[in-house]
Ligand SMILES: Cc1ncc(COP(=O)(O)O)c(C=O)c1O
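Okay, here we've got a single chain as structure tokens, the form predicted alone, with questions on binding and movement later.
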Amino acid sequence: MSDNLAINGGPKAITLKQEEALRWPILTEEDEQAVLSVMRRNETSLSEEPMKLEKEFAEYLGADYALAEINGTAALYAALFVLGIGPGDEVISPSYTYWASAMPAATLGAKVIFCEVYPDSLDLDVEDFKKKITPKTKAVIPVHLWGVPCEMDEIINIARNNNIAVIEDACHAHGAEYKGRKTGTLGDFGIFSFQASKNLPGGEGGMLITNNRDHLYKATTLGHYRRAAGLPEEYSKYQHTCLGFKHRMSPLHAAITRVQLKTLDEKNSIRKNNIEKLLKAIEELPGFHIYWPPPHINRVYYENDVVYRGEETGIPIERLIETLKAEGAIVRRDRYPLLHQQPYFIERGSNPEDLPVTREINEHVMALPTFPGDDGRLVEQYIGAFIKAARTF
């Protein structure tokens, strides 16, 4: 391999075509046949397909109840609705997450209180969570960011001692485990998304997970009016009005998700093997800080984000990204803007200068591919590209 950087006119380190190695989701003829079957049964609106997915996904997780939703955001909205969250209440969430982790609480009129994340795992900082609790705090939303489970025992203990509900945002963490239990089953609720980029992709869709039957029934009355009729009278009385929205999942998307669930663990394993091969190589290079979870955490990789500190190498992160892109690598800065710095929350009292740890680490995160369809050859070329770029440090 030439030492002359591509950005300076040298040959690229990455020469393989990347489309198939990085293609996601990976849809097959079985997915097509599942969708066609629903269409041929004329069940594109009303179908048993979402209920079948509920049963299969709950069994996969080891959960008691699952409720299929139109997306993960609707599932989170349902959990907050069940808890009666509204004006005057506070809900704690990290700022470093997708907007859907926080906006349902804000939509219901609650105040979102943002807390720090750990600079290594990028998950909710337990000590800062504890500091942010007030008598108005009704719920906390730990986000298993990029597929790394939060320290749930500590979070749950603090929450129980303060009468706070725990809603796991597991939209990045299908199949991840904390102390042998699947994420999404540890708190009062678990929330999943099946949007096309997720590890379990159905195109669109989501799931609410709970082990509390009454929580399931109340969530059903919010967005599944046809199903409310079969509930106890306390809930079935709302069957002709419902209490909110039509949140039922599309049968076509449920059919795809059911097929994808069969290979979830296999596909998670392919991502993990490819990604960790790359991470072990770049861990040896200056400036890169790779987080390896402790033994009680089994992470998955929704995204492959790493921390790079240019002050240790003299090469700023933007320059490194430019250099790697010239070598053929598909890399970028992290894609999540911090929520506490967004106009909606600033207009409601959020200070964009708060959360110094979160703000600092957000400047050093780089996103790399997840290699879901790679046979290992593309990863090797990426390793070569990083080593080549590192020679400039």
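Computed from a predicted structure; not experimentally measured. Quick note: we count residues from 1 along the sequence shown, nothing fancier.
Below, we refer to the form predicted together with this ligand, which is not included among the displayed structures.
Trainee: Please state whether all three residues 50, 219 and 227 have a non-hydrogen atom within 4.5 angstroms of this ligand in the predicted bound form.
Mentor: Checking in the predicted bound form: none of 50, 219 and 227 is within 4.5 Å of this ligand.
Trainee: Is there a non-hydrogen atom of residue 121 within 4.5 angstroms of a non-hydrogen atom of this ligand in the predicted bound form?
Mentor: Residue 121 lies outside the contact set for this ligand.
Trainee: Would residue 176 show up as a contact with this ligand in the predicted bound form if we use heavy atoms at 4.5 Å?
Mentor: It does not: once this ligand is placed as it appears in the predicted bound form, residue 176 has no heavy atom within 4.5 Å of it.
Trainee: Is residue 253 part of the interface with this ligand in the predicted bound form - any heavy atom within 4.5 Å?
Mentor: Contact with this ligand, no.
Trainee: Taking any heavy atom pair closer than or equal to 4.5 Å as contact, tell me whether residue 101 reaches this ligand in the predicted bound form.
Mentor: Output for residue 101 is yes: heavy atoms within 4.5 Å of this ligand.
Trainee: Which residue, 115, 143, 278, 140, is the contact with this ligand in the predicted bound form, using a 4.5 Å heavy atom cutoff?
Mentor: Flagged contact: 143.
Trainee: In the predicted bound form, which of the listed residues (274, 199, 260, 97) lies with a heavy atom within 4.5 Å of this ligand?
Mentor: Residue within 4.5 Å of the partner: 97.
Trainee: Of 360-368, 50-58, 65-73, 337-345, which is the one stretch near this ligand in the predicted bound form, taking non-hydrogen atoms within 4.5 angstroms as near?
Mentor: Result of the contact check: 65-73.
Trainee: Using a 4.5 Å cut-off on heavy atoms, which residues of 139-174 contact this ligand in the predicted bound form?
Mentor: Those in contact are 143, 169, 171, 172.
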